[in-house]
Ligand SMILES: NC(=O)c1ccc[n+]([C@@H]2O[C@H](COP(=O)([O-])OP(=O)(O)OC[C@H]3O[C@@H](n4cnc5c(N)ncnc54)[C@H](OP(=O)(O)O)[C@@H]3O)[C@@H](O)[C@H]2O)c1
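Have a look below at one chain only, the form predicted alone, in structure tokens format.
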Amino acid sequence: MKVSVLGAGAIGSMLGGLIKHRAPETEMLFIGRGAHGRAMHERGCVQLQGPWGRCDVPVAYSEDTAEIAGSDIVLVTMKSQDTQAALEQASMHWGRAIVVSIQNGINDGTLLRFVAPDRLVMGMTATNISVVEPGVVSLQLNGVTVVGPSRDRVNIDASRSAARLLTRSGLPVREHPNVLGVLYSKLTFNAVGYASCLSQSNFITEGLCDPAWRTHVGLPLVRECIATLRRARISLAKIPGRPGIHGLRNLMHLLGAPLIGSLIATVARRNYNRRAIVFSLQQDLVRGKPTEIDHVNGQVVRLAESLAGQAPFNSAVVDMVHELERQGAGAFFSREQVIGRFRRLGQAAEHRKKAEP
């Protein structure tokens, strides 16, 4: 079997590398670019770090999408904002391959312009993986990878093939009947978490556990996401082993409760001060790379606008990330600046409500 990874960054390198490591008979091709890709090409391998320690896995690497030809399965793992351009080049070469998207954001509309519905499988991963240096990827936090068929189940055979392949990685994999609901569950969780990246803050200890951040930033974003999805009649499906948006809302309410809130915060700080959740958005801001904010918080904004509504708190995250992108690598707001801006946004919303007849 030939498997190609289109956009072999952190997620693609880890999934593809583990599949090759555990099923060495698999012909594995990484398609990528940049320093990470060059390092893998020069060494002829990718180094994987995780609970298993370190292992160097031999993989073929190329920047030429024509080499995808002959693939049985193509894993699409690039950043959402790069999807259109990458598929314009790659789709003419993959023939009848099954195409599996493991990305943030909701990209099925773009993908279906290049892939027949019976060969496209949508998915996501709750693992936290980072490129710690070119050619080296590290599993920071394990989690389940989910794929599943579309609502009409026209791609059921392709979905099962994708699940079987990903299971070879040795990481937890589930096939889910409501994969769109799972995708939106991750998207809304990220939409809230990305607000902590504005100040390069620890999402758990400096975000959720901080009363001011929780009150003025976290809870308004959660409520806005839930209200938007409810109006859109999107049925969320919980990511196995991870809190959904409703669970996140409930956690924030508990953190605000006397006694029990302090106890939860103490436990959370003990666990996450040393092992912070590092979002890909924050990594991109540190490196001065374009982010996928328009495909996460921006998706909530577009969804609200499609229903003749607004999502001002998600819009604020989008606008502030773009401000940081324009400032260049390593630019961030202070936590006080973020809280202050969201506090004023909330106050303006309250004034509008009171002024309504």
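Since the model is a prediction, treat every value here as computed from it, not as a measurement. Don't overthink the numbering: it's just position in the shown sequence, from 1.
Below, we turn to the form predicted in complex with this ligand, even though it does not appear here.
By the 4.5 Å heavy atom rule, the three marked residues I293, S315 and A349 all fail to count as contacting this ligand in the predicted bound form. Comparing 43-51, 316-324, 299-307, 30-38 against this ligand in the predicted bound form, the single stretch with non-hydrogen atoms within 4.5 angstroms of it is 30-38. Proximity to this ligand in the predicted bound form, defined as a heavy atom within 4.5 Å, singles out one entry of N250, Q89, N271, S262, which is Q89.
The partner is absent here, but in the predicted bound form a heavy atom of D82, alone among D72, E206, D82, E175, sits within 4.5 Å of this ligand. Not displayed here, this ligand is approached by I129 to within 4.5 Å at the level of heavy atoms in the predicted bound form.
Although the partner is absent here, T77 is a contact residue: one of its heavy atoms lies within 4.5 angstroms of this ligand in the predicted bound form. Interface membership of A10, defined by any non-hydrogen atom within 4.5 Å of this ligand in the predicted bound form, is confirmed. When contacts are judged by a 4.5 Å heavy atom cut-off, N104 counts as touching this ligand in the predicted bound form.
Residues of 298-322 that come within 4.5 Å of this ligand in the predicted bound form, judged by any heavy atom, do not exist; none qualify.
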